[in-house]
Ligand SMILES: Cc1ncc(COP(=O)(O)O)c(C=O)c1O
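What follows is one chain in structure tokens, specifically the form predicted on its own.
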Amino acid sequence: MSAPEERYSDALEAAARHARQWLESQETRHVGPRKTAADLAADFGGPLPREGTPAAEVVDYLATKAEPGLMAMPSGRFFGWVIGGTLPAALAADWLVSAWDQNAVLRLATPATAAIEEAAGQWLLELLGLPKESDVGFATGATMANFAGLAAARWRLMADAGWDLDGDGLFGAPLIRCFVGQERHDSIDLGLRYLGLGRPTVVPADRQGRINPWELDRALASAVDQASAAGPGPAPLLVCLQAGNLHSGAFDPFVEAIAIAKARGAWVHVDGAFGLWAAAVPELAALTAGLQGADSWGTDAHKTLNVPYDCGVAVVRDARALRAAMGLHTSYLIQDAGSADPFESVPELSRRARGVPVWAALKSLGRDGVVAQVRGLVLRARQLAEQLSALDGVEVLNDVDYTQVSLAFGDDATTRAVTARIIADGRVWMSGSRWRDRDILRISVSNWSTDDADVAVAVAAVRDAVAAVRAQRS
């Protein structure tokens, strides 16, 4: 049998070669995929082969056949959804994570990854100004990061109400009343549903999607009155706020909303999937003022920090609540007495060391680099908004305070046609959506590599699409 280095070398060299070719193509390639999943089905499907294929050949086949069906998401010209790129140090660290093959859930079993993730967590708390006593867990993405924070909230609210959630479940438990803004991300509702908390009470928002704190106060007061009328006992309250609206980039008024929620004894969770990182930038302080007064926060390091996928971050001030909600104790898990294990902060017992790329990104950037990176995303969004709003027939619908730009081109049909033209053209990718009862074209600036040249290409692509749609209709 060949030596270990020989068994791996050909496949890894092939993977590295194809990865470099892919990354080097980003500056000039058509952003959208050129083949559909149906087109590619024959290349990857069919009966399972009876005989195997050498590893390097598998990698060559995989990379070659997949290439036409890949979206150029690492490109600085990709503005779809809220999807970041990957920093070089974070990408390389992620390769090491795969090679190390550590199940990063126990301190005693995988001390290196545990120490790295703990350091990354502390750096994040310091960078974002969050309470230093908070527990940090690395989940799969923002959805599960929010889920972890909400699970900790459920456990604490039940415990404070005198209910043994672990022993008795939710049947007959005090009702937790949940409150969300009208324009929260749907993943918050998903987390509440996973936790058996049902549909939340929806609080009106302003035209930029910010929750109305006075309406929140009214809704909380009504909930407390209803609970009192129903009989003695507490009224557990959970308020979910937002740092970074999907369409406008707006931030909820945390100072007012958190003060109102805390006056009613509510747990406050902040969904900061891409917006929490604004807390690192001094000139954006007005957006995140008061955010640190919440109880839990969820974010996605892929979106704004630009590490690989599979890297949500859950931060919970009440570490005991998070560990009680997520953890377990059993004989086969050899634990480090007196120290919490990584698995106690996320809903998994097997996972990759996803906090390592976060550590690598922060180490490579430093505080100043993170600030510059977030600042740069905001700058590019504002450049796009300014230059696009100067074009005839283009309307910028939101206040561009952060990284999102929402556009309309007159009526809905025209907006849809322009969006389709831009996607077909392939110089950039911008995703359509619907906001404030209008079809829109939404631009999300999330990639560290987006520069002035990318902005110029994007403006030209929109201008040309508008002209083409007008010409077609004239």
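Residue positions are given as counts along the sequence shown, with the first one as 1. Given the structure is predicted, the values throughout are model-derived calculations rather than measurements.
Note that the form predicted in complex with this ligand isn't included here; everything after this is about it.
- From the list 271 to 279, 220 to 228, 161 to 169, 350 to 358, the contact stretch for this ligand in the predicted complex under a 4.5 Å heavy atom rule is 271 to 279.
- The closest non-hydrogen atom of Leu246 lies within 4.5 Å of this ligand in the predicted complex.
- The closest non-hydrogen atom of Arg317 lies beyond 4.5 Å of this ligand in the predicted complex.
- In the predicted complex, this ligand sits within 4.5 Å of a heavy atom belonging to His185.
- Among heavy atoms of Thr113, none comes within 4.5 Å of this ligand in the predicted complex.
- Gln242 is the sole member of Ser296, Ser345, Thr403, Gln242 with a non-hydrogen atom lying within 4.5 angstroms of this ligand in the predicted complex.
- This chain is displayed alone, yet in the predicted complex one of Leu305, Leu322, Ala142, Val136 has a heavy atom within 4.5 Å of this ligand; that residue is Ala142.
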